[in-house]
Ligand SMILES: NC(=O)c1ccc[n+]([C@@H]2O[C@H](COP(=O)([O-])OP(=O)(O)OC[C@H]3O[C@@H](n4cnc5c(N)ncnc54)[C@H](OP(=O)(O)O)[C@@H]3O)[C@@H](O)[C@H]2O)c1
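What follows is a single chain, given as C-alpha cells, in the form predicted alone.
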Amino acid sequence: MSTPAPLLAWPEDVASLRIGFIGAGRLGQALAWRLAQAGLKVVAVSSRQEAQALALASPIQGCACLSAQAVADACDLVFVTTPDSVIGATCDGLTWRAGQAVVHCSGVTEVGVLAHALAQGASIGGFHPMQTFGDSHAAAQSLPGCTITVEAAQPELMQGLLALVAGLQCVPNRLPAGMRGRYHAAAGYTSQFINALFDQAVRLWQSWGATEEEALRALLPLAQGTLSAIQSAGVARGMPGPVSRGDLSSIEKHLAAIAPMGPEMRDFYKTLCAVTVPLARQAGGIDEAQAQGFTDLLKA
C-alpha cells in the first residue's frame, strides 16, 4: 500500500476542514448536526435515499446534497456512514486523493476496508460513537459526554480525530488495529444483551400473571442501582446478589423454581450464575471452598 501524503495541519486547521458525509442514516444525521453545532463546516452529503440526504442537509447552512463522487471531490474529511455491508463497495467505487481523510463510523468493520482510498493517497480511520441512534434528534442531543472510539495509523489523522472528539464534548477511546470485533462485542454485552436479561426476568414475572409493564416498573430501578454500584465500586465489588455473599441455599431455591420453566431458561441462568462466582471471589465476598460449592451446584 502507498504511504498517505500529509494531511492539513491537524488539529490546528480542524475548524477549516470541509466535512462531507456519504450515507445519511440516523448516525450520519446526528453526527453531522452535532459537528455543525460545534462550529465545524459540514458542506456536503450524499445518499441513495434523497429524503435522508435532505433531512441531514436542511438544518445545516451551506450543506449541499451531491453525488458520492462530488462529496469526495469537495471535502477534506469524508465520513462514510453507509450500512456496514456496503462501506467497502462505496469506498472502492470512488476516486480519492492525497491530503484528504476517509473515515467510517462502523464499530465492527475494520478500517482496512477503506484500503482503496489509502492506495490513492488518502488517510483512513475509524470514528465510532458509543451511542444508540434510534432517533437522530435525540442522539444528536445526547452525544456530548459519550465515548467516541477513534482509530488511525497516521498520527496527524489521529490528532485530528481527537480534536473532533473534543469539539463534540465527548470522551476519546483509542482503538488498536484489528480490535474492532472485540470492541463491538463488548458494547453488545452492555447494550442489547441487557434486553435478553430483562426478557428472562419478565418471563418469570409473567409466570404468576404479572404484566411486562409491572415487571419493568419493579426491575428497572434494581438494574439502575446495580449500574450505580458498578460505577462507584467497579464490576466485581459492585455486584449484588446471593453469590456475592456466599448464599448457596438461595441459588438452590432459584434453580428449583426455574426448572419448571424449561431447560433453556434453567441452563441460561446456570451459565450466568457461573460467571458471577469468580467475580465474587475477586471481590472477597466468598472463599475458595464457597466458590467450589457454587461451581459443583451449577454443574450438577
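No experiment lies behind these values; they were computed from the predicted model shown. In this text, residue numbers run from 1 along the sequence as written.
Heads up, the form predicted in complex with the named molecule isn't pictured, but that's what we're talking about next.
Taken together, the three residues Gln52, Thr81 and Ile87 all lie with some non-hydrogen atom within 4.5 angstroms of the named molecule in the predicted bound form. Screening Ile258, Leu40, Cys63, Leu27 for any heavy atom within 4.5 Å of the named molecule in the predicted bound form leaves a single hit, Leu27.
Taking a 4.5 Å heavy atom cutoff to the named molecule in the predicted bound form, the contact residue among Gly125, Pro172, Gly167, Pro129 is Pro129. Contact annotation: the named molecule lies within 4.5 Å of heavy atoms from the stretch 44-52 in the predicted bound form, the single such stretch among 44-52, 244-252, 271-279, 227-235. Interface residue remark: Ser106 is counted as part of the site for the named molecule in the predicted bound form, having a heavy atom within 4.5 Å. When the named molecule is considered in the predicted bound form, Gly23 lines it closely, a heavy atom lying within 4.5 Å.
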